[in-house]
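To begin, one chain is listed below as structure tokens, in the form predicted on its own.
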């Protein structure tokens, strides 16, 4: 498979000078996403500057004997934005216009390359915000958020991205443009069939998202953030279970283990945490009187689980400092370990201590350190396995740990991903959840939209390979 010179020249004409990358040095930056395992070099990268250019590039690509991978900021953690089968990679970062903000109807219309944090900066003067809050929100794009159904710190109260997608315009692999839903949240021409829901979390398999209508929320009047430290995981996880039953639903309930706390306190973002403790960060928000009235009862719930320390603040700068410490914690393991495998799974909150203890035993037996920081309110685990792929056997040990983690997660009633997606990282674990009939049904949906598997092959469903002129698995062709 190869891209023709004629195709590349036409892309240069469409996108402009310097917007078609074919040099080895330039392509190196695109051979993985933030999950830096399994490098896949595309043959070329195109950076369209408008929705019209993107549509034209996709139309041209249909005549090529090569697959196409769509990419936002590349901050994903499942391998979903890497060109697993080579071919063309379309980088959508230049499609970053905020097309409209409708404060009265609480709707924003955006292009897919708008960065999460940029949208929220634009919304703040209107007294509004977009709730999904991935830790990479300073760089991650909204198209990527939708493709992975991203969550983040605030998703315990507000929910993941799917809850905020009113509609979208998409381009299918066949070149058809479709509007699914819209600013009023309708279902489009096929009333009664929630087609837009298929595209949320579809990881670039079904089509290219070129426009989004997103639901907004009013900014809360007041916030109060709580920091409690616990000497052991039992007290910390029991406090999590207690907090999520508070009548004023917390915006966020986050946990960092002592290894993560030590890294934070050695960094420029230190927040005065006890380096030997489990740190629990929680926040409530709403009308000022309600927040202040609820704060004492929330503190009481934390105190009954034996915290070593407990403090709270409503000061905006102090809140920002605490949440900055939590958000940068996700990147700090990479500063002290040559390689990091970040996993993503969801379990019932009452099983947190059990699963964390199991992970600790397994990682110690393999000689692989692990650091935990995660969305505890959702039971969304993010263990960071730290290793050096240059050391014989360590990469294999991490793969064994990943499989054992997922086996344990499924055994306690959990699921394989809460927000990072399946990508290329978790495909092998799908049979832990689904039997042959379920796998065939999911493959049939993908094949109905993308029969050649031209878009983003090698992801999400096993056996998805680009096959020019042939139907993929799950079709009757």
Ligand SMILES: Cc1cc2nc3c(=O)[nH]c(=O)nc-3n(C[C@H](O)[C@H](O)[C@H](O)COP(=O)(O)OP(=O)(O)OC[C@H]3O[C@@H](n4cnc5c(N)ncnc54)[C@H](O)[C@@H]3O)c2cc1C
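As the structure is a computational prediction, the values presented were derived from the model and not from experiment. Residue numbers count along the first chain shown, from 1.
One more form of this protein should be noted, the form predicted in complex with this ligand, which is absent from this view; the next part is about it.
Chemist: So which of 330, 181, 86, 377 reaches within 4.5 angstroms of this ligand in the model of the complex, heavy atom to heavy atom?
Modeler: Partner contact (heavy atom, 4.5 Å) among the options: 330.
Chemist: Heavy atom within 4.5 Å of this ligand in the model of the complex: which of 383, 152, 173, 258?
Modeler: Contact with this ligand in the model of the complex is made by 152 alone.
Chemist: Taking 4.5 angstroms as the heavy atom distance cut-off, pick the stretch from 119-127, 77-85, 244-252, 270-278 that is near this ligand in the model of the complex.
Modeler: Checking each option against the 4.5 Å cut-off leaves 77-85.
Chemist: Is there a heavy atom of residue 264 no more than 4.5 Å from a heavy atom of this ligand in the model of the complex?
Modeler: Output for residue 264 is no: heavy atoms all beyond 4.5 Å of this ligand.
Chemist: Looking at the partner-bound form in the model of the complex, is residue 70 within 4.5 Å of this ligand by any heavy atom?
Modeler: Yes - in the model of the complex, heavy atoms of residue 70 and this ligand come within 4.5 Å of each other.
Chemist: If you check in the model of the complex, is residue 92 within 4.5 Å of this ligand, heavy atoms only?
Modeler: Result yes; residue 92 sits at the interface with this ligand in the model of the complex.
Chemist: Check residue 141 for me: does it contact this ligand in the model of the complex (non-hydrogen atoms, 4.5 angstroms)?
Modeler: Although this ligand is absent here, residue 141 would touch it in the model of the complex, with heavy atoms inside 4.5 Å.
Chemist: So which bits of 407-429 sit within 4.5 Å of this ligand in the model of the complex, heavy atoms only?
Modeler: Read in sequence order, the residues that approach this ligand (within 4.5 Å, in the model of the complex) are 419, 420.
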